[in-house]
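Coming up is one lone chain in structure tokens, specifically the form predicted alone.
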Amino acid sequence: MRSRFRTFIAGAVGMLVAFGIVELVHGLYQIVPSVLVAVAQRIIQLTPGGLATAGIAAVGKAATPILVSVIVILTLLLAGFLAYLSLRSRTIALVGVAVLAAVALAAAFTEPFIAPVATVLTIVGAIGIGVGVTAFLLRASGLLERGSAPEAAGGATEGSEQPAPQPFEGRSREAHSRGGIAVSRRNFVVVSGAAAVAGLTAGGVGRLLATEKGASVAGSESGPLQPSQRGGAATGSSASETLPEPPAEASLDVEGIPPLFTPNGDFYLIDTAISSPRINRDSWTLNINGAVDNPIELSYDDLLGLPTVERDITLSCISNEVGGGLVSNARWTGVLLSDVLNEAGLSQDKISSSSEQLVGRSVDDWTAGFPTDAAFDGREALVAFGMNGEELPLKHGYPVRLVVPGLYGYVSATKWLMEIELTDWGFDAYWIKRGWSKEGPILTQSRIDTVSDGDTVSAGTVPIGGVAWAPTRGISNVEVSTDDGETWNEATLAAQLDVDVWRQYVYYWEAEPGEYTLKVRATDGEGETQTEEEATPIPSGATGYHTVEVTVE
């Protein structure tokens, strides 16, 4: 039993070394993809809708790290099994290794912008080294020779001299006399442990380098917007529209209320892309095709040649629970989506049943679709390349993404945008196939930020404040209840910067000692108050009042 366990460990350690090598090369050379990320990405894309939705509902943002962990564990288990199998049939074990290599290569080659030759050499080389590490551990401990012994014994004739007992049987040391290196059980643990640590270290360094290089890529590509990216004479743009600094009255100076504009580093992130694609914007193009009169392909410079605008827009994820943090606000720079569509010969009066849906497609083939009319109905959707005065950060879609006011991101916010296709309403984009609502208007919502559930506060004046949002409609009123909804108190509102932007509020509560249930509700600019009825995010967005229990002392 112990020898089987050590055989299994030898295989797992070899695979761990292979993982480490691939991750290290990925960290040093970004266009060699991470196999773990590539495999996980393919699983995400191929997961049936009901299962994907159930997984998100069960574990939320933890779904991706759990998936990667499961892939690692299962692969190590499989590698251990193949090592054990090699003691009986090396041919079958090598076939299993070849299958693993093929799966890794197939997944890697679905990643965008990779170096094919370097990718093949890295994956094949890493697996070869991993197999070598496993073979070394098996030979050094005598396991490989022991595993082949039955074949030799089976060929002996009756009456022939029986082989002497193996020297490691029943002993604390397992030296063998076949000419290789011999190690004891204890040294096997040391050697295999050292190899495992080397693999983990290589993988950790690779992930660190990949993260740092991603940050540096994003840094070089998300510095301050240059004059050429703001439109005007530098690009031949016919116009450039920049927004003034927001007035002071658009913000409330109350501790705990989030700032009017969310810093890029704090802006919420929800992606199916486990690793952000690295895109060279000099070779990047945007294709506008489908049911348009003039299919076109725009380069980054072509895009900058169109009139550039700035717009303040709050975005929200449909996965956001009531009171959750998956909502943020930014000042976006780009060109109007309507202008881009005009270049392709499409205008509002030309929208037909064959072009009523606009589908954005990212470089990793993720899709989102929404009514084409949203590009022309006055909400000023953007093909954006700037965020809060900087170029788009890598994780937020560099070099170009879609930003559509009033629609949840799953139907509109295509990052790493590569293609815009005009098609009919019958096409179902990524999340629609997985059971979410076909249309995704952002619901009116509000959140308490100055106190949290379970807080204890001092008696006296307690500010109850936060943000409320209803993009395209604006917020007209926010009310706070301190008695579980029995009575409501009108809150003070910051000035509405734009109907597409969240609005800060505060209610100064004269609190007396006791236990209290606080609630908040908002009314949008069309006079509709958010519903009290509670619903989960799936399939159309969470509803209900954000509720906080506090103790006053």
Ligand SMILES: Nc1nc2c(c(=O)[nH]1)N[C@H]1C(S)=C(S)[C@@H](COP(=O)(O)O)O[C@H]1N2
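Residue indices: 1-based, along the sequence shown. What you see is a predicted model; the values in this text were computed from it and never measured.
The form predicted in complex with the ligand exists for this protein as well; it is not shown, and the discussion that follows is about that form.
Novice: At 4.5 angstroms, heavy atoms only, are S240, R311 and R331 all close to the ligand in the predicted complex?
Specialist: The answer is no: none of the three residues contacts the partner (heavy atom, 4.5 Å cut-off).
Novice: Which of 412-420, 98-106, 288-296, 470-478 has heavy atoms within 4.5 Å of the ligand in the predicted complex?
Specialist: Result for this chain: 412-420.
Novice: F261: heavy atom within 4.5 Å of the ligand in the predicted complex?
Specialist: No, F261 is distant from the partner.
Novice: Contact between L269 and the ligand in the predicted complex at 4.5 Å, heavy atoms?
Specialist: Looking in the predicted complex, residue contacts with the ligand include L269, since a heavy atom lies within 4.5 Å.
Novice: Would L358 count as touching the ligand in the predicted complex under a 4.5 Å heavy atom rule?
Specialist: Close contact is absent here: in the predicted complex, L358 is far from the ligand, nothing within 4.5 Å, heavy atoms only.
Novice: Contact with the ligand in the predicted complex for E343, defined as at least one heavy atom pair within 4.5 Å: yes or no?
Specialist: Taking the distances in the predicted complex, the answer for E343 is no, it never comes within 4.5 Å of the ligand.
Novice: So which of E390, E380, D364, D339 gets a non-hydrogen atom within 4.5 Å of the ligand in the predicted complex?
Specialist: Going through each option in turn, the one that passes is D364.
Novice: From the list S275, T444, S316, T482, which entry has a heavy atom within 4.5 Å of the ligand in the predicted complex?
Specialist: In short, S316.
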